[in-house]
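Before any questions on how it binds or moves, here is one chain, the form predicted alone, in structure tokens.
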Amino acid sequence: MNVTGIKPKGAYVIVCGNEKGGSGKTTTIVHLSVALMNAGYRVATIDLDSRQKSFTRYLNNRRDWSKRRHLKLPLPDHFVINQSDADYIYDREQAEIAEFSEVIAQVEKSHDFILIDTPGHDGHLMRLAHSMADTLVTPLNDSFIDFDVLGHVSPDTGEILRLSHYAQTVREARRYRNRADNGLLDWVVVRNRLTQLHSRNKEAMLRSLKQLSMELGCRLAEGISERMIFRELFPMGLTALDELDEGSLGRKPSLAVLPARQEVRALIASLRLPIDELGMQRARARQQWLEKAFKPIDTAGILAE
């Protein structure tokens, strides 16, 4: 594959990215992977965070628990891009890009979706993955501390004073992708750990996010709440979308399973992926727009009149 930011022509690419840790990236991308596999799609997953490897550990836990409990849990074809041990920075970057490119070439024609988890810091692979994305999912805790990676706000009015580093990174990735293959990146900022209680902070965050969405052309979606069930499922590699009973859990499931499952399903629906009729219509419309956007306008009829 060419590593110039052009996305794979076969698979639909979903990237989960945010330069702020603890935002729920791993939980989000694992649930997305399971949802797509449950729908019958062929899914490949790539972990670019060679230090933390939270995505990889989650899937390893899932594989081990499945064997221990004799379960038939769906698992994606998973890959980890390891950190190169070359002596020079340039050589390390080239080695890691080459490994990433080899993985993409391996799965781009054989799978329906490629899901990529990026590290919580800027880097060459993170930027490359962003420029390949069809859908970029950015989980964000409902806090101005987390919002700071997107924009700096006025303490008096809550208005955005300037864009922050990660927002600039996504904007550059969009431009790069558009120059490379006229592609469009659908950016969805997902509000995680929302509280059910009304608060002044919640209202202020929503106002700032709406302003940001107007400036950056991103969409807003509600994600997962601060539910203990999501943390409890990690050691077993299970998700709220799995069949959770005494056979799979080893104990009676809690009442929190149903609302957690509803939250995840609502999030997936809000992403508008090409997995249902609405998503496929949107994908077709975007493709038609791309095909026509750069064609010269036929002025013959206009001039004749």
Ligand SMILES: Nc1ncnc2c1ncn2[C@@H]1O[C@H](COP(=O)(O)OP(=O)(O)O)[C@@H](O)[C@H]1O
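Please read these numbers as outputs of a predicted model, since none were measured by experiment. Quick note: we count residues from 1 along the sequence shown, nothing fancier.
Separately, the form predicted together with this ligand exists; it is not shown, and the next lines address it.
- Screening Ile224, Ala173, Val137, Leu125 for any heavy atom within 4.5 Å of this ligand in the predicted complex leaves a single hit, Ile224.
- This chain is displayed alone, yet in the predicted complex one of Arg219, Lys202, Arg193, Arg92 has a heavy atom within 4.5 Å of this ligand; that residue is Arg193.
- Although the partner is absent here, Thr239 lies well away from this ligand in the predicted complex, with no heavy atom inside 4.5 Å.
- Although the partner is absent here, Gly21 lies within 4.5 Å of this ligand in the predicted complex, judged by heavy atoms.
- Contact between His165 and this ligand in the predicted complex is not found at the 4.5 Å heavy atom cutoff.
- Contact check for Lys210: every heavy atom lies farther than 4.5 Å from this ligand in the predicted complex.
- Stretch 22-30 is the contacting one of 35-43, 22-30, 64-72, 244-252, since its residues have non-hydrogen atoms within 4.5 Å of this ligand in the predicted complex.
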